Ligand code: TIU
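There is one chain below, alone, in structure tokens, taken in the form predicted alone.
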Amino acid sequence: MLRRFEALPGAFTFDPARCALIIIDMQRDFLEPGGFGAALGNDVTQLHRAIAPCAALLAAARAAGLLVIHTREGHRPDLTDCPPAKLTRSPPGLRIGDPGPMGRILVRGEAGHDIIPELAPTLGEVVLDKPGKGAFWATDLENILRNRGTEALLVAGVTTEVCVSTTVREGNDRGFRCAVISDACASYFPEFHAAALAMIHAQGGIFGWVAPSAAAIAALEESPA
């Protein structure tokens, strides 16, 4: 049964059997004090506003039987998948792979690479490790979605203007209809968050749709006719 919720620039319709929830990079390194985000001088509390909406959306998606995918940005322990331009953009001591309070920064297997406890994946949910900003680049995300017949994506996570936006743009180019859940996303910079959302739904939805979590959750909770 098709579901529908109001969004910008217009209503978003989806079939739960062909829809996935993608939660982008809700990791300790980005959201907790002592992580990579804080080490770069960011106020990590700006991202905390997305936690409760993400948790509510995740619960509704699980109850509705959606495919749930959690992404984590991070690199191999030997850093061979980390381009020099990315590795050297931070000063020594604050670079990817350097020791931090939660282990080596943005390295797979370290504590800081983990998803925050409030959004911990459950058995059967996909955990997708990605070396870049977008969730499609250098991963098998597209294969996972195609194999499930997925055609619509609900997208949440951090940060709105970087990894969320990049993933949505990649998805749009591959023919997926993407709805960004506005309050389940966040940025260290509120003005970037607002601008990124405006860019997504501009020009008739050039990259996708934007809607609050309450609208998406209400659609997910509709009883089948």
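Predicted model only: the values in this text are computed from it and were never measured. Just count from 1 along the sequence shown to find any residue number.
This next part talks about the form predicted together with this ligand, which is not shown.
With the partner left out here, this ligand still marks one of 194 to 202, 157 to 165, 51 to 59, 176 to 184 in the predicted bound form; by a 4.5 Å heavy atom cut-off that stretch is 157 to 165.
For the candidate spot formed by C82, E110 and D114, no residue has a non-hydrogen atom within 4.5 angstroms of this ligand in the predicted bound form. Interface residue remark: K133 is counted as part of the site for this ligand in the predicted bound form, having a heavy atom within 4.5 Å. Contact check for A63: no non-hydrogen atom falls within 4.5 Å of this ligand in the predicted bound form.
Contacts of stretch 181 to 217 with this ligand in the predicted bound form, defined by any heavy atom lying within 4.5 Å, are made by Y188 alone.
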